[in-house]
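Just the one chain here, laid out as structure tokens, in the form predicted alone.
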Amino acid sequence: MEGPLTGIRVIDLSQYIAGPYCGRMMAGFGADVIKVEPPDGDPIRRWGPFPGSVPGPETSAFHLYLNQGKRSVTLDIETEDGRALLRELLDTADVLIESFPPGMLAGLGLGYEQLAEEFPGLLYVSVTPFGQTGPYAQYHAWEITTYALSGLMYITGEPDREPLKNGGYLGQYGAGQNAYIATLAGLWERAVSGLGQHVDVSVFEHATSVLEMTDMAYIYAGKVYPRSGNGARAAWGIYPCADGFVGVVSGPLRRWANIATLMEEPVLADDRYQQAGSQSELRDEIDALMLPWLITHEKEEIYQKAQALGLPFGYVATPADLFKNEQLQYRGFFHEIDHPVAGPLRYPSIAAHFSDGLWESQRAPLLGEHTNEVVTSLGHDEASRARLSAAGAFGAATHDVSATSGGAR
């Protein structure tokens, strides 16, 4: 299958999550993404979980997900030969993705200003915690750092407790999506100008952008939203039920009486509870009326009955719930991909469907799997590859299983 990015070559020097996620998106849409890894691999290969809880560089769940559809080449860019080979690759490339601390690649002669003169059409995409400039540019950060500084943590948690970090790595994935969209825009502009440019993506700025509503409330009204825990500024909350937790949402006030119908509690239909703001002010009363019904019914039953009444309830899904979710199954969100080491596993797709295909999911590469293939394509014969290997340009011995199949749409 040829995707919309077929013919675009991406050199992915990035590590961990944000940059590799950008590369993964590009690979899914048909770009030839060559993941250039240090001799011991992207550090994400050593992050669990691992199938069977047995650590290994080929079976990290993060690596298997983030590097789908890429080709892996090991290069030691600390060596002169490694840098020379990288330049040969860049001479064939449209995009470079990197996530090193600002200035580090420039110290190796691989900074944007240095490469722009040599490769004027190259789109140089940097994904870092704080961006390339400013007083924080050289600061270290991880997910909790950007959550805290962005203000996301300030509005997360119970009002009388300390702020909480959001689960997972949403800041990293969001920055990766920003990098992907910015890369597409850069390629589009290059089609007109013929010139590349430096795309500077900040994880911190992405996390801050998520707060647009609370920022606007402060800018325009001087209002500071407090933490509200599982309750909210409207009729919303997470409540226990017989087999887990369910999210109660009334929607518009005109639907509040439907909650009384659902929970077989006529008192809930009282006009007192149907006034603007009353669900927040009288929350303790409302909770006392709802909880007896909720804790005697199961989450799936509550969800289905509420939806039938036009109430946008939801339930807190466990991993087991997610994999048996009939909506996701119907739309084929999870699909199986075989891998020569990890074996057949289910992977999430993207949250978009195309009538003409366009997106393809393939397995992640083994460490250095495509080194010989890619270096040979640059014109290096066996003797040249042997010399480069002896000089340490590639690091450790690489896999030679480029003929192994295992991709799946």
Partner chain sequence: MPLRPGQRGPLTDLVVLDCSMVWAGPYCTKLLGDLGATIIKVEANRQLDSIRGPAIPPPSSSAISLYANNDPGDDPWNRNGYFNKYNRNKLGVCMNILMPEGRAVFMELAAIADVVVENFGGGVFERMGFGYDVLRDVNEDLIFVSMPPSGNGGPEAKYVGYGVAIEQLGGIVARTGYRGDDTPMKTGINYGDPIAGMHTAGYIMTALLHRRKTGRGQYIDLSQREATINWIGESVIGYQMTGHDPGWIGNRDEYMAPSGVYRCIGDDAWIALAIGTDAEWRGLCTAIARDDLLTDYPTYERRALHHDAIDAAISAWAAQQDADHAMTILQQHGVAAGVCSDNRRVVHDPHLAARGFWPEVQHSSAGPHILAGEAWQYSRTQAAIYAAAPALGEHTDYVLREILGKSAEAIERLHEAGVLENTPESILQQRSQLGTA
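Positions refer to the first chain, counted from 1. Quick caveat, the model's predicted, so the values are computed rather than measured.
This next part talks about the form predicted in complex with its partner chain, which is not shown.
Pick from 72-80, 282-290, 89-97, 295-303: which stretch has a heavy atom within 4.5 Å of its partner chain in the predicted complex?
-> Result for this chain: 295-303.
Name the single residue among A242, M104, V267, A185 that comes within 4.5 Å of its partner chain in the predicted complex, judging by heavy atoms.
-> The residue from A242, M104, V267, A185 that makes the contact is A185.
Contact between R161 and its partner chain in the predicted complex at 4.5 Å, heavy atoms?
-> The answer is yes: R161 has a heavy atom within 4.5 Å of its partner chain.
Mark Q362 yes when one of its heavy atoms lies within 4.5 Å of a heavy atom of its partner chain in the predicted complex, and no otherwise.
-> Contact with its partner chain, no.
is_contact(L262, its partner chain) in the predicted complex, heavy atom dist at most 4.5 Å | No, L262 is distant from the partner.
Taking heavy atoms only, is G134 within 4.5 angstroms of its partner chain in the predicted complex?
-> Yes, G134 lies within 4.5 Å of its partner chain in the predicted complex.
Which of the residues spanning 132-153 lie within 4.5 Å of its partner chain in the predicted complex, based on heavy atoms?
-> Q132, T133, G134, P135, Y136, A137, Y139, H140, A141, W142, I144, T145, Y147, A148, L149, S150, G151, L152, M153, in sequence order.
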